[in-house]
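Before any questions on binding or motion, here is one chain by itself as structure tokens, the form predicted alone.
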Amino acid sequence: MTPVNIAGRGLACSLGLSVEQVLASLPQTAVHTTQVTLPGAMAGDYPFHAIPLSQSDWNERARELVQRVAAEAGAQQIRDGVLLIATSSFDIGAVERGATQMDYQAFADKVAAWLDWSGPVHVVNTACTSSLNALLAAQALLRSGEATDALVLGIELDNRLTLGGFAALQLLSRTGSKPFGDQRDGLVLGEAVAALRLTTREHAIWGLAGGANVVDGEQPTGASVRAVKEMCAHAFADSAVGADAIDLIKVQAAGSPGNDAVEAQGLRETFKHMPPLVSLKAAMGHAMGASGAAEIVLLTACLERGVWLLYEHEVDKELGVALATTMPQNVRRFMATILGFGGSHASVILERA
């Protein structure tokens, strides 16, 4: 099977405008959030992880972030390759400001123009699992020989529709994200633009071994234990990696009272010996469709540079799981999971190439 490697990466999130800035900010205990005030029935202040880049024009800010992150990943080398744009909110922030019309094709064309892209362009929108499914789609194209290079670009930027929708569903925390925490009371949203450059032409530190997406339509807004277990089983089969070979799991664990418990149970029933677990939501927020790519960029950088997260909350002992407070040693393979709306459960397995 043709190896698919991660040859480049870029990231902008609340922690910084590049991978280096993010790594420098990560060990600090201060939470990088702002307060967003919502009107209406769910009126009040909610923490939000905003990217620290001020720009009055939504489109110009988005363009600068996309170009910056894509350049960091080395996208200029593969402009005739495949571009997969992963997003759940598109440019709704610009629509809200009257700066554009709702047109998904126009959004894709706009992003491609920002990057001067000449190759095929695809948009993947499966809510929170968008960028993981974009990775799986890119891998399929590269494995088949239809392409040799691809850029997965996760984009999730400021808009009121997403915040208002989650608030109306009473899924947002008013205090902060506490993954697997005994005081968890909801998730905290955030912005992110992330890029992963995939290739079959270069060697790299990390390779994409495989993965899977499982949809459970009976749980349109939450996870199910059965689907978590099936997702893991299919990911193991696709990557030819067994459960006992996983050295670390990047969990969803956004701080949701229900979903965190379901995810923990699904993992307990899958792994005879639980690998170390890490959640990145408390550090960077839940960036919806961009989360999978953003968290893989951050986690691979952390593992390479010996930087780890600080958790300031107590884990709920009733869940039967724990978060790794120190970096696991000799991580050769890790699983990255995102659980999202629409009953989508996605996971990919990466290994040191």
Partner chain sequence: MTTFAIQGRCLAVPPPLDWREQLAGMLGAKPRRIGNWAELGLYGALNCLAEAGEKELPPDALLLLGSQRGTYVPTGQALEQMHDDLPMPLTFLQTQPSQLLALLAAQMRWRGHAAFIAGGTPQTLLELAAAQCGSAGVLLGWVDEMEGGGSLWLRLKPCEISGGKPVVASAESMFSLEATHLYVVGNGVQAA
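Residue numbers count along the first chain shown, from 1. Because the structure is a prediction, the values reported are computed rather than measured.
Another form exists, predicted together with its partner chain; not displayed. Remarks below refer to it.
Trainee: Hey, in the predicted complex, is residue 269 touching its partner chain, heavy atoms inside 4.5 Å?
Mentor: No, residue 269 stays farther than 4.5 Å from its partner chain in the predicted complex.
Trainee: Should residue 201 be counted as a contact of its partner chain in the predicted complex, where contact means heavy atoms within 4.5 Å?
Mentor: Output for residue 201 is no: heavy atoms all beyond 4.5 Å of its partner chain.
Trainee: Tell me, yes or no, whether residue 235 is in contact with its partner chain in the predicted complex, where a contact means a heavy atom of each within 4.5 Å.
Mentor: Answer no; every heavy atom of residue 235 is more than 4.5 Å from its partner chain in the predicted complex.
Trainee: Give a yes/no on whether residue 226 approaches its partner chain to within 4.5 Å in the predicted complex, heavy atoms considered.
Mentor: Yes, residue 226 sits close enough to its partner chain in the predicted complex that at least one of its heavy atoms falls within 4.5 Å.
Trainee: Are all three residues 90, 166 and 169 in contact with its partner chain in the predicted complex, where contact means a non-hydrogen atom within 4.5 Å?
Mentor: Every listed residue reaches its partner chain in the predicted complex, so yes.
Trainee: Mind telling me which stretch in 260-268, 246-254, 90-98, 190-198 gets its heavy atoms within 4.5 Å of its partner chain in the predicted complex?
Mentor: Going through the listed ranges, the match is 90-98.
Trainee: Of 241, 112, 274, 215, which residue is found within 4.5 angstroms of its partner chain in the predicted complex when only non-hydrogen atoms are counted?
Mentor: Of the candidates 241, 112, 274, 215, 215 is the one lying within 4.5 Å of its partner chain in the predicted complex.
Trainee: Identify which of 182, 103, 80, 116 has a heavy atom within 4.5 Å of its partner chain in the predicted complex; exactly one of them does.
Mentor: Checking each option against its partner chain in the predicted complex, the one that comes within 4.5 Å is 103.
Trainee: For 102-139: residues with a non-hydrogen atom within 4.5 angstroms of its partner chain in the predicted complex?
Mentor: Stretch hits, in order: 102, 103, 104, 105, 122, 123, 124, 125, 126, 127, 133, 136, 137.
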